[in-house]
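The chain that follows stands alone, in the form predicted on its own, written as structure tokens.
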């Protein structure tokens, strides 16, 4: 009789079969390569605005992690955190279970009593931007602070930074949190100068902008903390997942981990004890001396960790990220070129500091600063002179099976939760100016996809569908 297979041989055979299965079952999710046949039927094949891009590598990594059966965050998570931090050039990256949790944990960490006079306290004001995703703003309210909304520019989609000084109140304003919208870096120079001048915390919501650069430096590296999302529409995915990046101040790492891990004081990683060599040698709070450090809680925290299986998948995604980012930029420029004949009626997003788009590239303002977005999506603004409304455009795209989205929550102060709070006083907020730009974004814009799985034929179909809606001859939209 043949010798029974060893554990290593069984594992290798399982993973060989997993790769073979993945190549058959999931072939359509791989990153398109030059020369690959395009199987696309206009009006029949769906064109999602975003989606997972993966191949047998991710499936094998997930199954291999399950075979090890380390279900909580463990060695794969530790490796992912090191690799993400190294890619960004930050001190630390701490994994959480979503981008929304990343914002919550990052903001909560700045409320720690360990920060002394710099801690954020209930009633402190925090400047943010009116149009965006609600969980950029929610942690401000959830921690008892006061959101102060400034307006968005409807072309960059980012903050009107000239309103920062109007929003500032000495002794009350303590922090800024805002996103790089659809991957477009906000005016980093203006925001960081403002924060430095007034000694304010800065949290960069980098969830839509992994790989974007400002003056050649990656976003997510300018603030005190920054956040990432690894939900499937984002630049890389683990299914669910996110991260908080500690940019410079290593002391913030323990605070972020505490709020992520139940609020505990102990910094031992999962499955390890007595990292501090004083497990039974602490006396904190009103606890007896020697109380187990693993069960001492300095903060009111959460349990927001992902699993090691997710981290294993994410590590493979990180390896492919440069190609993903290149594809997003390529798809954005393809769509911009194809839709240029409709510029009479439609406006398109510009990178911060850009003044115009041309076939040769962008023209720039006199500031000397440059931004290079790793685009999350392609924004289309139906300008007021258009014979077609934003709703008409959205319906036409939907009927053609072309995925499209509004800019998340639009003007957030118009959302039911904030409108109700303004009426009832359920929680305080402050609004700077009339938010006309945020209203324009809410009423006039949508975006379609740039994600790496988008092929040229799909981009051409998006453009042709929009052109047809404007009764523009279909041959006015030419492939590159």
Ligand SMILES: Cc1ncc(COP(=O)(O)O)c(C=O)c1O
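Source: prediction; values computed, not measured. Residue numbers count along the first chain shown, from 1.
Omitted from view is the form predicted together with the named molecule, to which the following refers.
Using a 4.5 Å heavy atom cutoff, 135, 231 and 408 all lie near the named molecule in the predicted complex. With the named molecule omitted here, the record of contacts in the predicted complex names 223-231 of 347-355, 194-202, 223-231, 294-302, defined by a heavy atom within 4.5 Å. In the predicted complex, the named molecule sits beyond 4.5 Å of every heavy atom of residue 371. Under a 4.5 angstroms non-hydrogen atom cutoff, the named molecule in the predicted complex lacks residue 156 among its neighbouring residues. In the predicted complex, no heavy atom of residue 317 sits within 4.5 Å of the named molecule.
Although the partner is absent here, residue 308 lies well away from the named molecule in the predicted complex, with no heavy atom inside 4.5 Å. Checked against the named molecule in the predicted complex, the candidates 207, 95, 129, 255 yield a single residue with a heavy atom inside 4.5 Å, and that residue is 207. Residue-level contacts in the predicted complex: of 184, 103, 219, 245, one residue has a heavy atom within 4.5 Å of the named molecule, and it is 103.
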